[in-house]
Ligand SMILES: Cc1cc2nc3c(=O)[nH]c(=O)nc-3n(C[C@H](O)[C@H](O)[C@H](O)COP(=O)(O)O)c2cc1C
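Consider the single chain below, provided in structure tokens and representing the form predicted on its own.
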Amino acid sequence: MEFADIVMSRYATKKFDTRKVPETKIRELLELVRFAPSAMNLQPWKIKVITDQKVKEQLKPAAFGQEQITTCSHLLVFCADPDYDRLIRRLGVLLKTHGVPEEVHTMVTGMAVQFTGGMSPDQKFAWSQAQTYLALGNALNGAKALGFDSCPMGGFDPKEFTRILNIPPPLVPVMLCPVGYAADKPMPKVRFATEEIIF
């Protein structure tokens, strides 16, 4: 499928048919998410993958009763990680283990320290949240490319999800992405004209 076809056929699925997506396909999807872009390659996100139906039932009230939570095959909980000291150290190790030259390693991690050093905790969280949305984009288009459906969901209670899933700090759930096979039909895409989004 051409990328334009993926973009035009992808839609926010409101109800799935409860069939399970093969684990091999989920692994492929997570590989696509893994290669999402991020500033300075810090990749400030983690994903909790939920398949247990009882857990999904527990989570549904914290997502305002939306059917996607319990009818999906897999629920991906995207969490932003605002701990830049740890992220930069982790990136440094990654660069070394992949044989990146020392001068490049020093330059990249130095830039990251300088960029994030003056940020407040709120700014760090906001920056991580923005980067996590990039990873979510890969999940949405990736699911369609692999033959199944998805729905980006911001309507949920992060504190309740954190409690139910025992998500450790400093991770914060910021978006949900249930995936599976659609049981509904897409509505026609309604978007502003190109001329209206350019100024």
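Remember, predicted model here, so these are calculated numbers, not experimental data. Note that residue numbering begins at 1 and tracks the sequence as displayed.
The same protein also has a form predicted in complex with the named molecule, omitted here; what follows describes it.
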(request) May I ask you to check whether residue 12 falls inside a 4.5 Å heavy atom distance of the named molecule in the predicted complex? (result) yes
(message) Taking the named molecule as it sits in the predicted complex, is residue 175 near enough to touch it, meaning that at least one heavy atom pair lies within 4.5 angstroms?
(response) yes
(request) Evaluate residue 132 for contact with the named molecule in the predicted complex, applying a 4.5 angstroms cut-off between non-hydrogen atoms, and reply yes or no. (result) no
(message) Residue-level question: is residue 155 within 4.5 Å of the named molecule in the predicted complex, judged on heavy atoms?
(response) yes
(request) Have a look at 163-171, 147-155, 37-45, 52-60 and name the one stretch with heavy atoms inside 4.5 Å of the named molecule in the predicted complex. (result) 147-155
(request) Counting only non-hydrogen atoms and a 4.5 Å cut-off, give the residues of 39-78 close to the named molecule in the predicted complex. (result) 66, 68
